[in-house]
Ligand code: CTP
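Taking the form predicted alone, here's one chain by itself in structure tokens.
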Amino acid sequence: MSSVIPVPRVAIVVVAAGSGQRLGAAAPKAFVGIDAHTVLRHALTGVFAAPQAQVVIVAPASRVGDALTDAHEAAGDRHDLVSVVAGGATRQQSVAAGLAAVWPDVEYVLVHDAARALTPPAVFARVIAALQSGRDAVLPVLPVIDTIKRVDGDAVVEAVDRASLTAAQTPQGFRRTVLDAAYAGASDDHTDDAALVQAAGIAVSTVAGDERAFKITTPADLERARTLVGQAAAPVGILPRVGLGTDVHAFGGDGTLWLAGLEWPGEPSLHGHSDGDAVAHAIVDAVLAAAGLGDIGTHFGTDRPELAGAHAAAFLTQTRGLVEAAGFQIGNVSVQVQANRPRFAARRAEAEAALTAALGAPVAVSATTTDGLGFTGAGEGVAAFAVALVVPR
């Protein structure tokens, strides 16, 4: 090692050995491109912008050379701090391989998933600071904002109190002796290193995570990462963006009608996976389209049983979070309802207030009929059309 680079007290093990089957790509996930660079290369940008550390990358055996190329590009003149080792059949085996390459003088080890490619350097700094303050194990987390339901098959069993729930992220940090002992005594596979250490009887503390530290697992996640990277590279003064959304639902659902975020007692309900609120769904499509984040099916598909029966506020609040995480702020939304019923005139202001509160941006609602033409004119259902404006934050 070069004598001008002091031996760091921190090591970061970057796990990049997964196959990424759910991503559906031809290459292992860490070696799929976000832009001109791979997922791994972007992850290493954050790693090398964090406080100085030894960096051990765990890659598939067939990709060790590619990982080393990415590492040397990201490290610059700190390439002496980098090594690459081949991973194992499981994540736990891969982390163990990385730990075996950590230098003897290292006191603290962070384990980071390369799939969390856009994790800001500040998250690494928070984890390291917590360890240096005397914590044995540190986990970055985000509060859970979704409504959580316990299900049995396709049936909802009960709501779960989310007040005590958090979403775990990486890098997860540990006192080196604690992590080594936990791995030496491990008899079962665990979902992450914090769980393994906790199973060994060690208390795990938390620090704030970051929305940008999301894990690239599905094609929608990869598209989100590409959008964020593209926006970061865009010139200053980028113009506002406009999106269009539409939705249609037929009458014939169970229970009461929900439309424009309001319950309409005495009116026939709409059929849908959630509550069939065509107005709210059109708004979601318009806002996501404006931000370049796909559509409602991308983020709120029928494969999410917790959204069965969900109302407008759940969709709009989550949509706002997605858009803000992508670097945009919602300017305003205009939505028009086409239906013979219900009559909106008396409740327009109430609907606008409910939608605006959930979306965090002004929503204007108008309503019309089609003079008896088409399925809405025949009273068979409701159509909604929305236009949204978003601006860079």
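All residue numbers are counted from 1 along the displayed sequence. Quick caveat: nothing in here was measured; it's all calculated off a predicted structure.
The form predicted in complex with cytidine-5'-triphosphate is left out here; the points below concern that form.
**Student:** Considering cytidine-5'-triphosphate in the predicted complex, which of 239, 155, 89, 203 comes within 4.5 Å of it through any heavy atom?
**Tutor:** Spelling it out, the residue with a heavy atom inside the cut-off is 89.
**Student:** With cytidine-5'-triphosphate left out of view, which of 149, 215, 78, 299 would have a heavy atom within 4.5 Å of it in the predicted complex?
**Tutor:** Contact with cytidine-5'-triphosphate in the predicted complex is made by 215 alone.
**Student:** Look at the stretches 282-290, 316-324, 256-264, 109-117 and give the one with heavy atoms within 4.5 Å of cytidine-5'-triphosphate in the predicted complex.
**Tutor:** Flagged stretch: 109-117.
**Student:** Does cytidine-5'-triphosphate come within 4.5 Å of a heavy atom in each of 17, 29 and 94 in the predicted complex?
**Tutor:** Affirmative, all three are within 4.5 Å.
**Student:** May I ask you to check whether residue 21 falls inside a 4.5 Å heavy atom distance of cytidine-5'-triphosphate in the predicted complex?
**Tutor:** Contact check for residue 21: yes, within 4.5 Å of cytidine-5'-triphosphate in the predicted complex.
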